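The chain below stands alone and is given as structure tokens, in the form predicted alone.
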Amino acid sequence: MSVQVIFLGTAGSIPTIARSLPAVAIRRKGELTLFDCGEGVQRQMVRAHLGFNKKMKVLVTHMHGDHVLGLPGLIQTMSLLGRTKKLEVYGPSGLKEFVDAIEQTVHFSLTFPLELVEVEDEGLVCEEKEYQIHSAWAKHSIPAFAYSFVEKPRPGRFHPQKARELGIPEGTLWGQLQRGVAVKLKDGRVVNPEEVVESPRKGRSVVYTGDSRYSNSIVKLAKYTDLLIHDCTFDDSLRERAEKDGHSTPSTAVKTALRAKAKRLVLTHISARYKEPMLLLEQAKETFPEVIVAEDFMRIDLPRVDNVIK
């Protein structure tokens, strides 16, 4: 089961020839989770072959135009293509008012249920059977959130040969053991799950900061994450400008990654002043080697995590 991260837009504030506005998709089991929704996101999704009728959530970090103005076009495109599945959209205060204004002034008919949820504070945003999404306060010029996508622990490996050696018939009892339930055999013996099933395995996680200067809340959210996707609007020579505008530089992103003990770091929200991002990459690599600069349509596959939970 793969978890793939697809970068649909990696620019900061204004698009360039090479970079569209912020949008990062996570694809897992045929489901999409979209962080931010910059203008033209539906075209980026077409080019990335993501489809428009999958189970899908959109999580808007804040109500600046480059992060939310793609939402009306996405909703209209989905309707024109006959989407039927519910679309869940999460974001800070103002999200519902924004979508209501679009519906009242731009006339199109929805073909699917649209659920709008305003996130009021950091914590659990939504919970599915196999994963959770959490929020933390970012530090930007307006109220803004960072988000984490975290898989729940997966069951440990089941050992069929051990089960056979213990005389456990294949079928229902195997399933119970895999779900962590002890079983009683016909001869009266009780077999506990740990006799044939390994300890649970850690799930994978992705953290997306949106626009933010350094934030202790984000460090906490990103603790031990597999992939930290961090704002890197300016290079380190413009640190004061970044701080003033509520953005980050390579050293800020690296500071977050190091304190969170993140495994990998991706820099995004790149200012149009950088035709080539090599300067940003070099500054980050000085202290954090596992770092890359995001490019539109770049894909990262997160490997399965097989370490057991101690």
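The first residue of the shown sequence is 1; numbering continues from there. In this text the structure is predicted, and so the values were computed from the model without any measurement.
Quick note: we don't show the form predicted together with another copy of the chain, though the next part is all about it.
Taking Val190, Val181, Leu124, Leu81 one by one, only a single residue has any non-hydrogen atom within 4.5 Å of another copy of the chain in the predicted complex, and it is Leu81. Contact check for Gly40: a non-hydrogen atom falls within 4.5 Å of another copy of the chain in the predicted complex. Interface membership of Met63, defined by any non-hydrogen atom within 4.5 Å of another copy of the chain in the predicted complex, is confirmed. For Ser251, no non-hydrogen atom is located within 4.5 Å of another copy of the chain in the predicted complex, even though that partner is not displayed. In the predicted complex, none of the heavy atoms of Ser271 sits within 4.5 Å of a heavy atom of another copy of the chain. Judged by heavy atoms within 4.5 Å of another copy of the chain in the predicted complex, the contact stretch among the candidates 90-98, 173-181, 216-224, 160-168 is 90-98. The candidate spot formed by Thr233, Lys285 and Val293 is out of contact with another copy of the chain in the predicted complex: none of the three has a heavy atom within 4.5 Å. Residues are counted as partner-facing when one of their heavy atoms sits within 4.5 Å of another copy of the chain in the predicted complex; in 2-25 these are Ser13, Ile14, Pro15, Thr16, Ile17, Ala18, Arg19, Ser20, Leu21, in sequence order.
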